[in-house]
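Shown here is one chain on its own, the form predicted on its own, set out as structure tokens.
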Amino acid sequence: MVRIFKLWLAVMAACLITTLSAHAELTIEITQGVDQPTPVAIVPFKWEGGYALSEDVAKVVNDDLSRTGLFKMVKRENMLSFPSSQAQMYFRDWRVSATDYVLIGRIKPGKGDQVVVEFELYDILKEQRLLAEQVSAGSANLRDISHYIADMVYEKLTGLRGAFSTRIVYVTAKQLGNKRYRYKLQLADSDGARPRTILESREPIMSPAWSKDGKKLAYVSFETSRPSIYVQDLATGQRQRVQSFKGLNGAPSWSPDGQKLAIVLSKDGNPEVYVLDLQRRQLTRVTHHYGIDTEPSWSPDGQSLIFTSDRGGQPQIYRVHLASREITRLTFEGRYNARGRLTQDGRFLAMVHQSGGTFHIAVQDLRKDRVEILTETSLDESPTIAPNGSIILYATQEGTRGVLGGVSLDGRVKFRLPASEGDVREPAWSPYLQ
């Protein structure tokens, strides 16, 4: 029997045979939102300086909130006025336009290259101010300020912490001809803006994973002609090879305390899950089975790992408690469940699920053992979850191209992040960043 279920090397070959692109700035296209989105107006912020700003803060905030599918954003041409202070707020005008919430703001020059941004959020129906805050930063960091404001507004309106200030990484490549490629590991804002290259190579790059403090990436590179696991510091760019046994070295996953990596090695003949203590350089084998064990991921409390195994005859997701080595099967619905990832509260398991011969993204409520298929696309893979648990980002196919897709945990909101050219694969969402 041919045992293929995202076996690491096989997946790599399948993902990289299509034509890819070196320049993969992502753009977001909302494909589905909630039935009755909340009307919100983001008024252009008043600029009190004598030079042009590098970013339209209100537009970035507007785009962030629009991307969630939860809000109906009021177009600027439909606004009756452009208030920038509480004295200029006329609630009756906004009620006429059926707007529930309004965000206004002012931007002033600060010391040196600093700018000061003041913003206020109003509940129109209650005629109340919900938020009033002032932040300052360098004028080159206006986009960061914008994401921060969007996070504050999102949390106030939904009760859930925003994740617009986070980052994503993904892998792209450019076909050079004669079956040669140029691979890149890219880092970008959560909306795909400001992409920059972390690593460039003529050999494949796979499985990027964030450390829990958001300061390092672990990934697999074939630059030495065989798969090796590297850790790279994002601030300094310094990198080191941490594992390179003969055979498979793959699927790194950081422990919550940042001290260990769960990895997959075949040095003893069969793919098994190991834990590597990065400080002590101590390697501990976790699984012992003739089946293929792969794709480990840590539980939020660091006490267990989930992983994919075909030990039962078909690929399913299991949990191993590290102290006792007790193994429990988590998935039973369907013949194929793989690449499991847990939400931060440990309740929901996102995964690749096969249904009717097609691979979709699904989520399983581990308390109720209920599985819900979230996507309608095909060949979906590599789910990664926003740190607030609201959105699952994944790789999928659109025609002959690979793109990133997003879906809310309840399946009500869907969007795509196609690149300007070519394919994008292997997304990984950062934790919250300080």
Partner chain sequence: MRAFNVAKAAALALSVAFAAGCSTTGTTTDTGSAATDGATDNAATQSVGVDSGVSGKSLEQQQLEALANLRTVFYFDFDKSTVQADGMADLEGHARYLSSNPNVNVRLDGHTDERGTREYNMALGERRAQAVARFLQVNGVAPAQIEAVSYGEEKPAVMGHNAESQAENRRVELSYVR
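Remember, predicted model here, so these are calculated numbers, not experimental data. Numbering follows the first chain given and starts at 1.
Just so it is clear, the following notes concern the form predicted together with its partner chain, a form of the same protein that is not shown.
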For the chain shown here without its partner, which stretch in 104 to 112, 72 to 80, 308 to 316, 254 to 262 has non-hydrogen atoms within 4.5 angstroms of its partner chain in the predicted complex?
308 to 316
Indicate whether its partner chain has at least one heavy atom within 4.5 Å of a heavy atom of Y336 in the predicted complex.
yes
Looking in the predicted complex, any heavy atom of E203 within 4.5 Å of its partner chain?
yes
Taking the shortest heavy atom distance, is Y148 within 4.5 Å of its partner chain in the predicted complex?
no
When the contact criterion is heavy atoms within 4.5 Å, does L409 count as touching its partner chain in the predicted complex?
no
Is its partner chain in the predicted complex close enough to S266, D423 and E426 that every residue in that trio has a heavy atom within 4.5 angstroms of it?
yes
So its partner chain isn't shown here. In the predicted complex, which residue out of V220, I124, L185, L349 has a non-hydrogen atom within 4.5 Å of it?
V220
Please tell me which of L342, I292, L276, V117 lies within 4.5 Å of its partner chain in the predicted complex, judged by heavy atoms.
I292
Residues in 236 to 252 with any heavy atom within 4.5 Å of its partner chain in the predicted complex:
G247, L248, G250, A251
